[in-house]
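One chain follows as structure tokens, the form predicted alone.
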């Protein structure tokens, strides 16, 4: 007799649990040494709170009701709950504020895609420091924490979450066409992006810019020829790279001008963490300067969240490849 569990969830047995615990303890120690205090928030939040943070993503959360009929939802990340905590529990505390966390989150996925619905996140949030200093601190700490966890080949992809949106606006692309184009970018479906751009009423040069920009990926040289309509964003990425060089992690950076994140609260630099030993991202994050203002305290902020189980898989894959 079989007793199934919901798709996208899994049992974690003692051997794997011990290994996951070791990874989280090493990462936690690195975060706390850097001044990031660990925080915990409820798995269930009022749905209206989550919608205040991110209207589009709130519908993807698992929902239930409390005894008074209020709609509750399982969190899909820790960033929105931490924004709520900062606005309510730290309303009079002078920034900067530094938090780390290790917590489970849940996201609804389409059937058959093989993506997890429940996962363990570990991450940091830095609140109250403007760019690019905050991004440099967060990324350098993320790279160091993964080294503590046993990884040696990891890299960070860096883009600007507002770059492509601003480009669409500057070229006069109708607002109703933006979501589909951005969805193609988030899936890295450049074939579908090309098809949709071809249907826009734009000059050939403008269509080519929309198609070619997401293909710009690599080291600092990628930024050298990317000026014009995207010059401001590229200038910020150059400044960030200089700080990362000073931190000694400039060689871990891959610039990706087509990088966007699915969550809509990102306002500037966005990140994805990779390891060539595996074929999936280990996590990501970025700058979200408007999110805390939705809860009543306007502060700049950025952060990164890592999928701890994916970090574990990458660690094992690296060991299998010889470190």
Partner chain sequence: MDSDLAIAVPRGTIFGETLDLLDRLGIDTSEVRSNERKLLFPKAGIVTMRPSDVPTYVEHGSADIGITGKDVLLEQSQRDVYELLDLGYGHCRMVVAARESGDPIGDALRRLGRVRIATKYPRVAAAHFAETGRQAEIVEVKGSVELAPLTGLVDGIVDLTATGRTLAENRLRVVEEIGVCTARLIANPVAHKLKADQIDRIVERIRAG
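The structure presented is a predicted model; accordingly, all values stated were derived computationally and were not measured. Numbering follows the first chain given and starts at 1.
One more form of this protein, predicted in complex with the partner chain, exists but is not displayed; see below.
**Q** Test of understanding: in the predicted bound form, would residue 107 fall inside 4.5 Å of the partner chain by heavy atoms?
**A** Residue-level check for residue 107: no, no contact with the partner chain.
**Q** I'd like to know if residue 203 sits close to the partner chain in the predicted bound form, meaning any non-hydrogen atom pair within 4.5 angstroms.
**A** No.
**Q** Heavy atoms within 4.5 Å of the partner chain in the predicted bound form: does residue 140 have any?
**A** Residue-level check for residue 140: no, no contact with the partner chain.
**Q** So in the predicted bound form, is the partner chain close enough to residue 217 to count as touching (4.5 Å, heavy atoms)?
**A** Yes.
**Q** If contact means a heavy atom within 4.5 Å, which one of 276-284, 290-298, 23-31, 43-51 is the stretch that engages the partner chain in the predicted bound form?
**A** Careful reading of the contacts points to 276-284.
**Q** Is every one of 135, 224 and 241 within 4.5 Å of the partner chain in the predicted bound form, counting heavy atoms?
**A** Spot residues vs the partner chain: no contact at all.
**Q** Heavy atom within 4.5 Å of the partner chain in the predicted bound form: which of 188, 178, 235, 152 fits that? Just give me the one.
**A** Answer to the contact question: 188.
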